[in-house]
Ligand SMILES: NC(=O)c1ccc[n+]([C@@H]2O[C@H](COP(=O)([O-])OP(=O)(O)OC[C@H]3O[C@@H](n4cnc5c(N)ncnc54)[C@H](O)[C@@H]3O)[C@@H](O)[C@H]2O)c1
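The chain that follows stands alone, in the form predicted on its own, written as structure tokens.
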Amino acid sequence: MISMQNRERGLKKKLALITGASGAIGHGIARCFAEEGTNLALADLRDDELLDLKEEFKNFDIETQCFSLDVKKQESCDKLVQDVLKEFGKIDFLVNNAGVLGSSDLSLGMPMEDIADSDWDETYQVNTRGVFFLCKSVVDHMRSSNSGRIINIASRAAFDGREFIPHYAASKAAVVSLSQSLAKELASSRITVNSVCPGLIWSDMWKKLSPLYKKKNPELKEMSSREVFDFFVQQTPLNLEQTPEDIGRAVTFLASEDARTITGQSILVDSGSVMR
């Protein structure tokens, strides 16, 4: 019998393609894979910011390459997959992490009339269509190898709605539903599809969101952005914020052999704020 300590998790020298890799969560996911010895294809629209990550991962015994990507365009997703396959010869794990909260001029709902069309359009195009485009681009390769793991980053907002950001919650609920649909279709090819749903992570997205919450909620008016974030953390049962590495560990678990019979599932990493 193989001891638990020496059990092979099936991640070493595999290839993980991670979108939205330059953001906080993407960075955490990439680091967790790097610690497992997984080679990395890091993709982002802000491809210049990926170079710092590539430099950081030189300390690991892995190969890391950076790629430019616009998930809103199918042709960009197709080119990314072709370029990664040319560089590495395979894609074992696809992590769809690229996501936005809204347009550059983000507005909050409640009343719902305050949300601009541009917020709905940008959020849907990146968070939902972008996931579909990447899955569509990579699926032929995974089918040909009769294996693969697709992990889509959704959100706790997918399950309980968010009156201030209904466009974001709806886009992430769509990611969960899409993941389940693809899990059923791709199971015969031994491809698993799951979603990870983060809770509260201090990131650029929250730094953008906190001042807007202050305007909407008088109770938060005198708080700093970080204090607003901490206020919401304190509403969770565990009263713990999540780190990017918390999300990364959930992702690497789903990519590992430990999760070989798990598909169509959504793992909430949110200090118990949503229980179902």
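These numbers were taken from a predicted model, which means no experiment stands behind them. Residue indices: 1-based, along the sequence shown.
Keep in mind the form predicted in complex with the named molecule is missing from the figure; the text below concerns it.
A.B. asks: Suppose contact means a heavy atom within 4.5 Å; in the predicted complex, does that hold for all of G37, I91 and A183 with the named molecule?
C.D. replies: No, none of G37, I91 and A183 comes within 4.5 Å of the named molecule in the predicted complex.
A.B. asks: So the named molecule isn't shown here. In the predicted complex, which residue out of L106, V176, V139, V126 has a non-hydrogen atom within 4.5 Å of it?
C.D. replies: It is V126.
A.B. asks: What is the one choice in K215, K58, R46, R226 with a heavy atom within 4.5 Å of the named molecule in the predicted complex?
C.D. replies: Flagged contact: R46.
A.B. asks: Answer with yes or no whether K172 is in contact with the named molecule in the predicted complex, where contact means some heavy atom within 4.5 Å.
C.D. replies: It does: once the named molecule is placed as it appears in the predicted complex, K172 has a heavy atom within 4.5 Å of it.
A.B. asks: Heavy atoms within 4.5 Å of the named molecule in the predicted complex: does A24 have any?
C.D. replies: Close contact exists here: in the predicted complex, A24 approaches the named molecule to within 4.5 Å, heavy atoms only.
A.B. asks: Would you please decide whether K72 lies within 4.5 angstroms of the named molecule in the predicted complex, comparing each non-hydrogen atom pair?
C.D. replies: Output for K72 is yes: heavy atoms within 4.5 Å of the named molecule.
A.B. asks: Is D160 close enough to the named molecule in the predicted complex to count, meaning some heavy atom within 4.5 Å?
C.D. replies: D160: no contact with the named molecule in the predicted complex.
A.B. asks: For the chain seen here without its partner, which of 81-89, 141-149, 184-192, 197-205 has a heavy atom within 4.5 Å of the named molecule in the predicted complex?
C.D. replies: The contacting stretch is 197-205.
A.B. asks: Can you tell me which residues in 72-102 come within 4.5 angstroms of the named molecule in the predicted complex, by heavy atoms?
C.D. replies: K72, N97, A98, G99, V100, in sequence order.
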